[in-house]
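Below you'll find only one chain, the form predicted on its own, shown as structure tokens.
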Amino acid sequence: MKKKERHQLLRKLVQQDVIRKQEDFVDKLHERGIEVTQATISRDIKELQLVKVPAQDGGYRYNLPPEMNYDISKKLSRLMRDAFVSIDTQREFVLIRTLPGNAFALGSLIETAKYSEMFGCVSGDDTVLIICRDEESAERFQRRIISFI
């Protein structure tokens, strides 16, 4: 089973069943014929940002993270309006300059958005370097970012 499919199943399990510990996930998956280790479940819990919440019958259970109104587009737009200095493209690279102290947050938002044009992203204090898949992707990505200003 691929990680994406396993993550979907884990989300479904925490909504349907009371899952109190990592071993409960392992057992539920084994019941479905899916071999998985506790270490894998531990990583999945971290990646899915599952949280423990009080259970109705006492104790704690895993649950999906609370909605945090995490609209990436709105946050990107606000950050770009507040901190944008410049943007430039060279081949498959896009370089965004921000006011000092803002590039890391911008890079994090860009990575979270998982844009298809992007291969990778490196952030510093006032600079974000985005490596795109090719020159055309870099130009498309630059237009996308400018649209947030």
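Small disclaimer: the values here were computed from a predicted structure and weren't measured. In case it trips you up, residue 1 is the first one in the sequence shown, and so on. Between two forms, the rigid core is the largest collection of C-alphas that superpose within 1.5 Å.
The same protein has a further form, the form predicted together with the DNA, not shown here; the description that follows concerns it.
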Original post:
Closest heavy atom of F93 to the DNA in the predicted complex, within 4.5 Å or not?
Top reply: no
Original post:
Contact between E31 and the DNA in the predicted complex at 4.5 Å, heavy atoms?
Top reply: no
Original post:
R143: heavy atom within 4.5 Å of the DNA in the predicted complex?
Top reply: no
**OP:** Would you please decide whether T37 lies within 4.5 angstroms of the DNA in the predicted complex, comparing each non-hydrogen atom pair?
**Re:** yes
**OP:** Have a look at 104-112, 78-86, 118-126, 39-47 and name the one stretch with heavy atoms inside 4.5 Å of the DNA in the predicted complex.
**Re:** 39-47
Original post:
Within 1-39, which residues come within 4.5 Å of the DNA in the predicted complex, counting heavy atoms only?
Top reply: K3, R6, R20, K21, Q22, E23, E35, V36, T37, Q38, A39
Original post:
Aligning on the rigid core, do we see the C-alpha of L10 shift 2 angstroms or more between the shown form and the other one?
Top reply: yes
**OP:** Pin down for me whether the L10-I110 Cα distance shrinks or grows in the predicted complex relative to this form (closer or farther, change of 3 Å or more).
**Re:** closer
Original post:
With a C-alpha distance change of 3 Å or more, do A113 and L10 lie closer or farther in the predicted complex?
Top reply: closer
